[in-house]
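Take a look at this one chain, the form predicted alone, written out in structure tokens.
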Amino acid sequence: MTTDWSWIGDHTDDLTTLTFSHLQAAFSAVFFGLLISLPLAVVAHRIRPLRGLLLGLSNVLFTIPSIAVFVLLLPVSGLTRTTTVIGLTIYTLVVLLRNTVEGLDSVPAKTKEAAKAMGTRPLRALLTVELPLALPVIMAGVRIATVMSISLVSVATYIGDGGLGQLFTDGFQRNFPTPVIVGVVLTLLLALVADALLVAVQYVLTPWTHRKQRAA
């Protein structure tokens, strides 16, 4: 087995297409994971008897092997990108749901009482007080879920999708290491860049945390 670096130049367009496909699948999963996790986390935070049920269910879903999840979804959504996104979304729930609940739990009771005393309605208090203060913990979950999704997209290669994971299959089938190495490096770079961008987003969205750090 030899590494042919000229192969990269000959397949630039293919690599670009696979990279964007990979990112689309990963970010879609995190997006839908957030849409599902946020309301469930609010329910789990405010209705304590449901907390264990919801968190436990997300943990059970997370224990299912990724290939098994995709196979189980095939009769429903077929060999499509939808199957990939649904499967990845399931895996984001355990991280996003737990972190959102923990973030809401971390909001000081005195802060919530002050908002209530000022006549702030529960929904408005949630949107303008609780969720903003919980944002650092929520963003930590988003970062983990994003990196995890980027790494798991490749598994969808087994159902004909998989973004950069297709390079792994191509390299193994032809006993040609270059696509495999390129796929690993690009996946790692995507995870690092995505995490760095989310750190920047969190920095912009939570300016009060910077002031606390400076004051300390």
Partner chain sequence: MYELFKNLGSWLVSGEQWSGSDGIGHRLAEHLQYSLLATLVAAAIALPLGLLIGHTGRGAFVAINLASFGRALPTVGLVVLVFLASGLSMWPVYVALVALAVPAIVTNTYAGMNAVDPDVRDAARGQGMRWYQVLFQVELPLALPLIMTGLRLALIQVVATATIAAYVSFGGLGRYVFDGLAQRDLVQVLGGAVLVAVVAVVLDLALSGLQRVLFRHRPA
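Bear in mind the structure is a predicted one, so any value in this text is a computation, not a measurement. Residue numbers count along the first chain shown, from 1.
Below: the form predicted together with the partner chain, not depicted.
A.B. asks: Consider the chain as shown here, without its partner, and state which of V42, L34, I181, L54 has a heavy atom within 4.5 Å of the partner chain in the predicted bound form.
C.D. replies: Spelling it out, the residue with a heavy atom inside the cut-off is I181.
A.B. asks: Please tell me whether any heavy atom belonging to F176 falls inside 4.5 Å of a heavy atom of the partner chain, as the geometry stands in the predicted bound form.
C.D. replies: Yes, F176 sits close enough to the partner chain in the predicted bound form that at least one of its heavy atoms falls within 4.5 Å.
A.B. asks: Taking the partner chain as it sits in the predicted bound form, is L38 near enough to touch it, meaning that at least one heavy atom pair lies within 4.5 angstroms?
C.D. replies: No, L38 is distant from the partner.
A.B. asks: So in the predicted bound form, does V30 come within 4.5 Å of the partner chain, heavy atom to heavy atom?
C.D. replies: Although the partner chain is absent here, V30 would stay clear of it in the predicted bound form, with no heavy atoms inside 4.5 Å.
A.B. asks: Residue-level question: is A115 within 4.5 Å of the partner chain in the predicted bound form, judged on heavy atoms?
C.D. replies: No, A115 sits far enough from the partner chain in the predicted bound form that none of its heavy atoms falls within 4.5 Å.
A.B. asks: Just to make sure I understand: among 62 to 82, which residues lie within 4.5 Å of the partner chain in the predicted bound form, judging by heavy atoms?
C.D. replies: Contacts from 62 to 82: F62, T63, I64, P65, I67, A68, V71, L72, L74, P75, L79.
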